[in-house]
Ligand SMILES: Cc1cc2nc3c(=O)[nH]c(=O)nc-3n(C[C@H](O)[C@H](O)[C@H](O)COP(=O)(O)OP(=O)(O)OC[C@H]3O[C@@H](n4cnc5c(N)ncnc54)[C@H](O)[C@@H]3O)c2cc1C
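Shown next as structure tokens: one chain only, the form predicted on its own.
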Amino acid sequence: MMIEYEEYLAATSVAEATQALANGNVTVVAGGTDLMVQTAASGRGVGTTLLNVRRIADLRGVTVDGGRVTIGALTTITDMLTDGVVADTAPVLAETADRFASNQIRNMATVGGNICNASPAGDMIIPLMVLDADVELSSWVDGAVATRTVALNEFFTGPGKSVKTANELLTSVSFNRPAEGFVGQFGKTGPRPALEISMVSVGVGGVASNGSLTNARVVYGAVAPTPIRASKTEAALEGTSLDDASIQSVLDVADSEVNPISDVRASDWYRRHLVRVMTQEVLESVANV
């Protein structure tokens, strides 16, 4: 599909970008790794104006302020893989980045774009939800940039859909620096080892001590219309000694929380099977920390 835009803008500040968005009918592009494919396939992202936000330097990088870690929306997946702050504060993000697509795509794809794409199988979304992350949404209101914060767990409303409005730009994602002893793990599976959309993905996190987890977090991707926090599974896992019997009990709860579909990539039965297998692998790994 050939898309013809009437205007092209390359913003260099959040103020400039949000003013453009306030005018309406704008398509935002950063890395373009999802948008280009979706536009060609279905016409998604068609607007009269194409707004390139890649040049907004303030939106790239990872910082720590006190106990809060902030990742700019234009931080690339390669940045996540190599950044020292990420390695020190939340290595599960680097682990996930290492499983993300290919080198070429990681160099272009952005954290903000992966979130805004709102895919139930979005890789970076899973560990960020494990970390209880929030997103910052910016818009142009009464002659100035206004912001609001939304918990990532509440951001998604369906496949490709979120609470972000058409005049808002996702500018950052942030989370509290994990507590001492926190461990986080991410797993995904697909028919190929790389360049693959997850058939199922899982993220588990918490403070590990004596073979159990406290402040447990469990997140699944590609098993529901949105990435999901498995709250009942978290409750079953909280403080439980991770022996074989208790892990099997946790897996039964996990199975009750997911609602996968059958599609061209996997059947619902196989996705349920993968939820159990992958969760077991992650919990057994955590038990040995």
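All values reported here derive from a predicted model rather than from experimental measurement. Heads up: residue numbers just count along the shown sequence, starting at 1.
The following text describes the form predicted together with the ligand, which does not appear among the structures shown.
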So, Phe182 and the ligand: in the predicted bound form, are they within 4.5 Å at any heavy atom pair? no
If you check in the predicted bound form, is Asn117 within 4.5 Å of the ligand, heavy atoms only? yes
Is Arg99 close to the ligand in the predicted bound form, meaning a heavy atom pair under 4.5 Å apart or at it? yes
Hey, in the predicted bound form, is Val37 touching the ligand, heavy atoms inside 4.5 Å? yes
Answer option from Gly47, Gly239, Gly32, Gly61, heavy atom within 4.5 Å of the ligand in the predicted bound form: Gly32
Counting any non-hydrogen atom inside 4.5 Å, which residue from Met129, Leu93, Ile71, Leu169 sits next to the ligand in the predicted bound form? Leu169
Quick one: which of 202 to 210, 169 to 177, 81 to 89, 141 to 149 gets within 4.5 Å of the ligand in the predicted bound form, going by heavy atoms? 169 to 177
Run the contact test on Ala216, Lys232 and Met278 with a 4.5 Å heavy atom cut-off to the ligand in the predicted bound form and return yes or no. no
Sequence order please: the residues of 234 to 269 with a heavy atom within 4.5 Å of the ligand in the predicted bound form. none
